[in-house]
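Next up: a single chain in structure tokens, the form predicted alone.
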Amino acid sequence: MEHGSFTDESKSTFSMADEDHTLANSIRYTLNQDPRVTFCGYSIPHPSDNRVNIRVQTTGDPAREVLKDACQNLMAVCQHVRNTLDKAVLDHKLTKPVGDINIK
């Protein structure tokens, strides 16, 4: 849910249900890499409330679009990490002999 102004789309607060520090901090980090962002931060209103509020302020671009771009960038980074890990696991399985397992 977006809580913003109808007159200034460059500033908005987005409320995400069923999320915590893991996603919020990742999005905050990705947003801070974007030169269009002048401020971003997040808060959790209450520890027992499974909700995150993310505040985004930009140089003029709509905050909604900047947040959407940040989420897409984060997904690309996660996909790259997953592909790299999958390749490393496959390489390890192919180079390690099956009978060479040492259990202690």
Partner chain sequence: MSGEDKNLHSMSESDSEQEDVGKEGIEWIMNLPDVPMKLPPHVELQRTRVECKADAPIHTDTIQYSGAYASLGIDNSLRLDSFRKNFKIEVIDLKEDDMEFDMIGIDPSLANAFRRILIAEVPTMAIEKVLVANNTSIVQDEVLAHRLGLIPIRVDPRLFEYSDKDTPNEKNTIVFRLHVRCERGKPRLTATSEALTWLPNGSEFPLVSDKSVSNSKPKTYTSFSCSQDTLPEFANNPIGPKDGDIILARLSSGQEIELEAHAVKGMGKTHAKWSPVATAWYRMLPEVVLLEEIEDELAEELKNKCPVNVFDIEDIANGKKRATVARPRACTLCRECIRGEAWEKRVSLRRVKDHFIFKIESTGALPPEVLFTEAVKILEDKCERLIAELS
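The structure displayed is predicted, hence computed values, not measured ones. Positions refer to the first chain, counted from 1.
Just so you know, the form predicted in complex with the partner chain exists too; it's not on screen, but the next bit is about it.
Taking the partner from the other structure, the partner chain in the predicted bound form has a heavy atom within 4.5 Å of a heavy atom of residue 20. Mapping the unseen interface onto this chain, residue 35 counts among the residues with a heavy atom inside 4.5 Å of the partner chain in the predicted bound form. Interface membership of residue 55, defined by any non-hydrogen atom within 4.5 Å of the partner chain in the predicted bound form, is ruled out. Taking non-hydrogen atoms only, residue 73 approaches the partner chain to within 4.5 angstroms in the predicted bound form.
Shown without its partner, the chain has 64, 67, 68, 71, 72, 73, 74, 75, 76, 77, 78, 79, 80 in segment 56-80 as residues with a non-hydrogen atom within 4.5 angstroms of the partner chain in the predicted bound form.
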